[in-house]
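Single chain ahead, by itself, as structure tokens, in the form predicted on its own.
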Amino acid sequence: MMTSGSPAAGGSLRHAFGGVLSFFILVLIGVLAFSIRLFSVIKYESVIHEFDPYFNYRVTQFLTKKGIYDFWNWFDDRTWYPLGRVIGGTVYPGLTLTAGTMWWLANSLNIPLSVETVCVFTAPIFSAFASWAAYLLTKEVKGPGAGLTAAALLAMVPSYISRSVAGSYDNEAVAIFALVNTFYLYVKTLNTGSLFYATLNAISYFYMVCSWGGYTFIINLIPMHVLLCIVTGRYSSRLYIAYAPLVVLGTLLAALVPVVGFNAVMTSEHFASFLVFIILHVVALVHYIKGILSPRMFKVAVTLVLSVGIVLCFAAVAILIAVVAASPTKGWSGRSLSLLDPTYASKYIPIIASVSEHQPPTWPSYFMDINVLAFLVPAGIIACFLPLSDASSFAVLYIVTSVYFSGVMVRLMLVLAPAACIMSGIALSEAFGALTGSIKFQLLASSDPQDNAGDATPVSVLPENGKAKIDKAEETTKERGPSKKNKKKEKDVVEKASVSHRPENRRAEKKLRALPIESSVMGILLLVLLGAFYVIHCVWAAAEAYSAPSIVLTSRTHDGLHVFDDFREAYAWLSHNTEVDDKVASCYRRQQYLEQHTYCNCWYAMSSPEKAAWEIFNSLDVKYVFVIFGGLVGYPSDDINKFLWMVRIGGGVFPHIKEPDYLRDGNYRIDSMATPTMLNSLMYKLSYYRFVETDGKGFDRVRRTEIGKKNFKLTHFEEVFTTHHWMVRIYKLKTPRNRIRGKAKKSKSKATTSSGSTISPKTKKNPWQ
């Protein structure tokens, strides 16, 4: 009978207390993750940020009003004009369905929340979920201490905050949680061999497919890890259970998402998972045959299997090559090819390379987005090798691949953030464990030199981690077959674990690893200082760098804070002064509302002279042109700065548009040395029309020069509105003039109806309208 003072009872009590404490810490981490993302609401107001989130908000409104069936069949004639867009088949529905479900649940509980409120706070809520998922994943790799540290780091990391502040209603708001949760369930299945967790893993992968196109990262990273385990001789039944259901169930579920469909089995991004799936079954077959046949028969069987397998493999490869070769891009999407070859997009698909999120990051951006984690990641990688397990090898592979992809595309810093937090959490946990262990050993040694803190452990009782190692060795040996070699290996592992955890050996090992107490205290203080610096940086980034919505800009000068609300000022004017069906061309800010061919026509028009541009816009039934201009206030993300991308993309469809025509000696200029093609382009005229009236010189604060062409008139466009800071300028297309000359004009003016009344030209419907 176990007494209350026995070691086992004390261990159970400590375990229970640690579980309760961990729970409360996780609750606080969730509150921290949610609250640190509310600066945008506190400092500004509850609004949707950016332009893609507004489209997602509009789709969510439709879902809540019309229902799920109308959502799947919704044809939106106001998107991708003039062709329109089938919303249910072209969007990743995970974000919309999640927010719609949250709104429905809140209203079912008589909590009167608007759709906008739910959309604004979806990202902060799921950031807390992502932190908890990071805890679970890191716990499977290195224990609960590392998990709590990783969760706290992810709750505050600026890279994740940048895409999950309140109002940032984009796919990444829920996708990062789905990504980390899928990895956790995979590692959990890998550690337990449970088919239940394998099924949950496939469902989580399905949610990730619904949420974001970045699901291809999962379906390529996990096969890479499975192949790594096979090559390094770490195959087990747990590996099979973790991977095979994911490929089968995950692919079937992914094909149910309309935007993915048969791409789940037809595109090159998914072929790696199928190839590894075949290899895994071949290895499983070999292990099965090895366990039931004698060594001599096994050699014969292996020869037969290899002969047949090579023939089938060559046939499958030939078919695969034929299918892939039939595609101009070899079955890869443009974004995937730009990740594999960073120069691909700039060479062949400038519309992808033109997006600022698709540019490579600079070195300062790493320090800005992950801060001190960049220095802790190498230590975490080293800790994962001490010892190396299936779970820790997956964590290492995750950080290595995410570092590469983040170096290709700045948007994928978002994928790097969880991996960096996991590795940094492991590094900090291991460092704190070593330092506090050294202090404890030195204090106990100084208080009782004869005992040295080791005699309290009974010889017959193994520590928990020692038992875990022995159990894991036995389990792995059973999975890999009851051979003599494995039995001997099992015996050696058990004996080594037992010997290494004897009290006298543990004392010697602790003494060897113990640091001086002064060094340990100094190390802990330095780690605490590093953590404080990280917290201060994260709070600053959340409050200042990433809290401002893109439609409301701020600037600090010596005379205080200035707010630039020109975008909403322009939208309000359009709302009150235009008809519902009026077409407004905004050739860079509203790309989600233009079909690609129309998009190129729009850029072709902005690159053309005024008359040719008017004809293009008129053919598209455009009534207003919306231009972003920052030359007066120094706003660098205006249309003039992005104009060369318009030229490049338009030139891909209309070959007579050539980039060198807009450059002077290879330099992009808007001053007196600019080329005539540039000075006469519609983009230049609409941006700098009447600009000289602001200061008499026409000095552009972004380009830091005087404009080249100052006093000019517009013949086919008229200015109808310019915002207070000149950041948005709206022009209206002039109506075409009738050009009727000679006798035709005379006969037209004298034409009469059958009743003898004269037709007035003013009452005739203009065929151009």
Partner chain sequence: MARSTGEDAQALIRSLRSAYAATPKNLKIIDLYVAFAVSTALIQVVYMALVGSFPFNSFLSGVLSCVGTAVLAVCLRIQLNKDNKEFKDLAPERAFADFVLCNLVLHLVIMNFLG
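All values derive from a computational prediction rather than experimental measurement. Positions refer to the first chain, counted from 1.
Keep in mind that the form predicted in complex with its partner chain is missing from the display, and what follows is about it.
Here the chain stands alone, but in the model of the complex its contact with its partner chain, taken as any heavy atom within 4.5 Å, falls in 243 to 251 among 529 to 537, 431 to 439, 118 to 126, 243 to 251. 297 is the sole member of 612, 297, 400, 312 with a non-hydrogen atom lying within 4.5 angstroms of its partner chain in the model of the complex.
Note on contacts: among 680, 232, 575, 237, the single residue with a heavy atom within 4.5 Å of its partner chain in the model of the complex is 237.
Though the partner is left out of this view, residue 262 does reach within 4.5 Å of its partner chain in the model of the complex, counting heavy atoms only. Its partner chain is not shown here, but in the model of the complex it comes within 4.5 Å of a heavy atom of residue 194. With a 4.5 Å cutoff on heavy atoms, residue 101 does not count as touching its partner chain in the model of the complex; it lies far away. In the model of the complex, residue 404 stays away from its partner chain, with no heavy atom inside 4.5 Å. Residues from 282 to 298 that approach its partner chain in the model of the complex with a non-hydrogen atom closer than or equal to 4.5 Å are 288, 289, 292, 293, 297, in the order they occur in the chain.
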